[in-house]
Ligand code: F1P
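Presented as structure tokens, the chain that follows is alone, the form predicted on its own.
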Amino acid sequence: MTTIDTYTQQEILSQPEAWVAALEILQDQRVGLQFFNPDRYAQVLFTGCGSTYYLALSAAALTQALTGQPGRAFPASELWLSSQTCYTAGRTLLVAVSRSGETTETLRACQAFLAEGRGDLITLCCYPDLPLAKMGTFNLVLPSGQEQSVAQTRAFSSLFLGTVALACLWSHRDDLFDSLSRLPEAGRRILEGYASLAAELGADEGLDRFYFLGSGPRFGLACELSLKMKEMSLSHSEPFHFLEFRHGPKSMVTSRTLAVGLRSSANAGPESAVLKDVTALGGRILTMGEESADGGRAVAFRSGLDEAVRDVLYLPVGQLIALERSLSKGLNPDRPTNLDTVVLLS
């Protein structure tokens, strides 16, 4: 790993410890969170902006998969400005996620939701004294996700872990909730074992385009890792559902392509076939998943955890690749070009 010390590097590497602290809070709030079961509502909506919208995509998919209740995700600006396209009849459970707790679009979406009496609001953020942390019917604050960098890494994974815990509790899967305590150690092993691989790929000047592939709950994570690559390193990067990559995007594959596959166990066959397409076209691949994969480079979790709860493990190595590419290009990953930590509207 590059030895240049940045806030972003510290925040990526400290994620397992942040997860430990977040899980302690989630355990303490377990009974209160169980009250807001999706079967009490017509729908569950997740919302956020930027990274936390991508988090919402993953959270909604996982919640629906585990509970069987409808779950969808929208950017907060859509809930605020185009609510007629988002809400259905009946009471809604809205889960709003924001690292800072002061993003204007998220606050306005929540204010409108409450003013119109649409249902109950759960908020997740990292700062207890900022507006969002005081707005909800239930407010979940995870301070261990706090960051100094503009690009979210530790905050994203800590808040995402919060939504995974919600899905476990709402589906009455106490076994899955209890197994979350094993994630920090798995995260430490992955960071220690694959930091050098991330450094190698991030510094590789032979790569000029990156594609992150993920399906189901992993699509939102593919979007987030692609965003990290764009924000930190100003590189060409796009996310796709696995099989959608064949429907046009594969025309972009060259010998300078890296396709990063967030591979599931349930759909390993079809997803591996897409990655083989990439190599057949001359591109390179990095596979991430529970076990090693044939061909290309691979990150193997070997966590022993159920697929429903281990998705947070896809994040650290992908974040490190973006960090290393930023540093190799002489950029400052802590302060990406043209970006602010919080988007505030007048």
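Computed from a prediction, not measured in an experiment: that's the story for all the values here. Just count from 1 along the sequence shown to find any residue number.
Missing here is the form predicted in complex with the named molecule; even so, the following discussion is about that form.
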- [ ] Look at the stretches 42-50, 283-291, 316-324, 28-36 and give the one with heavy atoms within 4.5 Å of the named molecule in the predicted complex.
- [x] 42-50
Open item on the list: Considering non-hydrogen atoms and a 4.5 Å limit, does the named molecule approach Ser100 in the predicted complex?
Closed with: yes
Task: Proximity of Gln152 to the named molecule in the predicted complex, heavy atoms at 4.5 Å - done: yes
Open item on the list: Against the named molecule in the predicted complex, would Glu231 count as a contact residue? Criterion: heavy atoms within 4.5 Å.
Closed with: yes
Open item on the list: Quick check on Thr341: any heavy atom within 4.5 Å of the named molecule in the predicted complex?
Closed with: yes
